[in-house]
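Shown here is one chain on its own, the form predicted alone, set out as structure tokens.
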């Protein structure tokens, strides 16, 4: 995912400001995919936990919200199809950018989600800053923790999705693999899903919404825009690069629509509360 191409030229030292004081970080396609991903993941977690811990009393109570274990299984597959669609649309856009638009900047460089040696240096520098032993690293468009979040989800899609498809269509896959593989797939699907649930509803929620700079919520994924001052403060390397490339005016955007902002806060708050509930149930099930 990348910002619009930069056409204007500017001096690297020029102090150029976006005319509106706001800049666009995510377009409508990015935001729509994130909403689909969020809804499908919440649905999978909400319907999958009762199936995984079906011998627990709380799981039976939770499954009754959707009508019981059988409807929960059906809805689990519906949300799985939604997530696979989201993953496919994301891959399709990446392929279009690479082979259609020839935007190779998404494969390497400051606009890429691919980890670079610079990310390791910034991780070390960030830890030193936490303990007062150095300056805060100057982040560009994507920080090391955002890349970690992205690849954790990307990896989980393949593992959980692949094992889930085997369990969804066992007769088809039984033509190619021995029966023992399905036991392994069941184990992997459940364990990886638990790991993903705990990770998303703790690490990702903290990085995206609950850390001090963003608390109680970062709404940029819902509105697509953020204040230019925030870019200067949190991503000074990106700001310097945009000034050098003359790109600030190209990504200037109007302030977020109040109605969209309100909807995003409601959706985000609901997701955070449901996520914390699911994490609590998961930890209770694992520790009890």
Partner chain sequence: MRMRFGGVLAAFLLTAAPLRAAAPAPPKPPANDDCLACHEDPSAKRADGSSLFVDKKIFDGSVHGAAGASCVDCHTDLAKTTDFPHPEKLAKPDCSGCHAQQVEDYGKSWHAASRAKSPLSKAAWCSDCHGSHDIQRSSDKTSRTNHFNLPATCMRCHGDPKFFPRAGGADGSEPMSFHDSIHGKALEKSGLKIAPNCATCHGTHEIRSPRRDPKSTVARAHVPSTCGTCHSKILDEYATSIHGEQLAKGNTGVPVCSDCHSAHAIASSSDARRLAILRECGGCHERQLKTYRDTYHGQVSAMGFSRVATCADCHTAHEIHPAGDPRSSVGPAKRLTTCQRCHPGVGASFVKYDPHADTHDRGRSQLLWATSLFMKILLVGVFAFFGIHTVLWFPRSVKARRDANGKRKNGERDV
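Positions refer to the first chain, counted from 1. All of these numbers come straight from a predicted model, not from anything done at the bench.
The same protein also exists as the form predicted in complex with the partner chain; that form is not shown, yet it is the one meant from here on.
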| query | finding |
| --- | --- |
| Candidate from 96, 211, 116, 121 lying within 4.5 Å of the partner chain in the predicted complex - any heavy atom | 211 |
| Candidate from 51, 237, 261, 244 lying within 4.5 Å of the partner chain in the predicted complex - any heavy atom | 51 |
| Contact at 168, 248 and 269 by the partner chain in the predicted complex, all three, heavy atom at most 4.5 Å | no |
| Contact flag, residue 178 vs the partner chain in the predicted complex, heavy atom cut 4.5 Å | yes |
| Partner contact for residue 37 in the predicted complex: the partner chain, 4.5 angstroms, heavy atom | no |
| is_contact(residue 140, the partner chain) in the predicted complex, heavy atom dist at most 4.5 Å | no |
| In the predicted complex, residue 218 touching the partner chain (heavy atom, 4.5 Å) | no |
| Neighbours of the partner chain in the predicted complex among 82-96 [non-hydrogen atom within 4.5 angstroms] | none |
